[in-house]
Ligand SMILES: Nc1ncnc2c1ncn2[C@@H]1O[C@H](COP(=O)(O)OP(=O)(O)O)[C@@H](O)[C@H]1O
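The chain below stands alone and is given as structure tokens, in the form predicted alone.
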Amino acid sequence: MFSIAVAGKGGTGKTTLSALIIRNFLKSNKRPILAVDADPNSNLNEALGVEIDRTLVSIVDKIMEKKEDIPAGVTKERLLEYHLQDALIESEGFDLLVMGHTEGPGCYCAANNLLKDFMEKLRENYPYLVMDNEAGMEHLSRRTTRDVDTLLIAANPTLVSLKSARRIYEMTQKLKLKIKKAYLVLIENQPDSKLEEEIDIGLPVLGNIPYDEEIKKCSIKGTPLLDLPTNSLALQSVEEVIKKLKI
């Protein structure tokens, strides 16, 4: 399996980047793909044109809070293990797993261990994994995913965004996450946006995704990014980014 984790502060375009990577993989016949939305503000499904009605954590919450209606002799953990597969949303060429918000009060140690085991087993069925993370890297820090081959930190060409990207990268170092390679990807989410001052965040820049009117049109119309035309500037730039990764 080859795994890509995408991180970045909200609004940088990391979900767009995740969706365009998945689009590229699908067009290149790199499938099946396990797409994981690990951001509590889940919207990767919209970029992929998939409806969701459940999240992994909502299933955990529901089972762990159950006090009745559990068959005799069956533990909550066993019941949870049985229902985890229900969180997987199947689509053509990829399956989507939405992690959801953080847990509520109470002890979830056993549930978290089951969640890790579930993710490990699930990964074995897919040659490619693309994970859209929150800035805090919660699910990576809790080891709900195994080693990551490539971490892409998305940032806009502004000092504020780049400083945020540096903090995210420093966090991965402090948490000692098992990441083989990490890169910065600059995303222009405004026309004619340019970096006024250089800032070194300790990461090589893998690519620059230009502002793309086609992305804006999809956002306004609510159409999935999988429907972007092949002449999309952003799509072409992501193709160059993936070529550099030599997947």
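Throughout, we count residues from 1 along the sequence that is shown. All values derive from a computational prediction rather than experimental measurement.
The same protein also exists as the form predicted together with the named molecule; that form is not shown, yet it is the one meant from here on.
Using a 4.5 angstroms limit between non-hydrogen atoms, Pro32 is distant from the named molecule in the predicted complex. The named molecule in the predicted complex is approached by Ser219, whose closest heavy atom lies within 4.5 angstroms of it. The named molecule is not drawn, but in the predicted complex it has no heavy atom within 4.5 Å of Pro229.
Using a 4.5 Å cutoff between non-hydrogen atoms, Lys14 counts as a contact of the named molecule in the predicted complex. Note on contacts: among Leu48, Val60, Ala182, Ile215, the single residue with a heavy atom within 4.5 Å of the named molecule in the predicted complex is Ile215. Note on the partner interface in the predicted complex: the residue among Leu203, Ile209, Leu56, Ala38 having a heavy atom within 4.5 angstroms of the named molecule is Ile209. Residues Gly10, Glu188 and Ala234 are all found to lie within 4.5 Å of the named molecule in the predicted complex, as judged by heavy atom distances.
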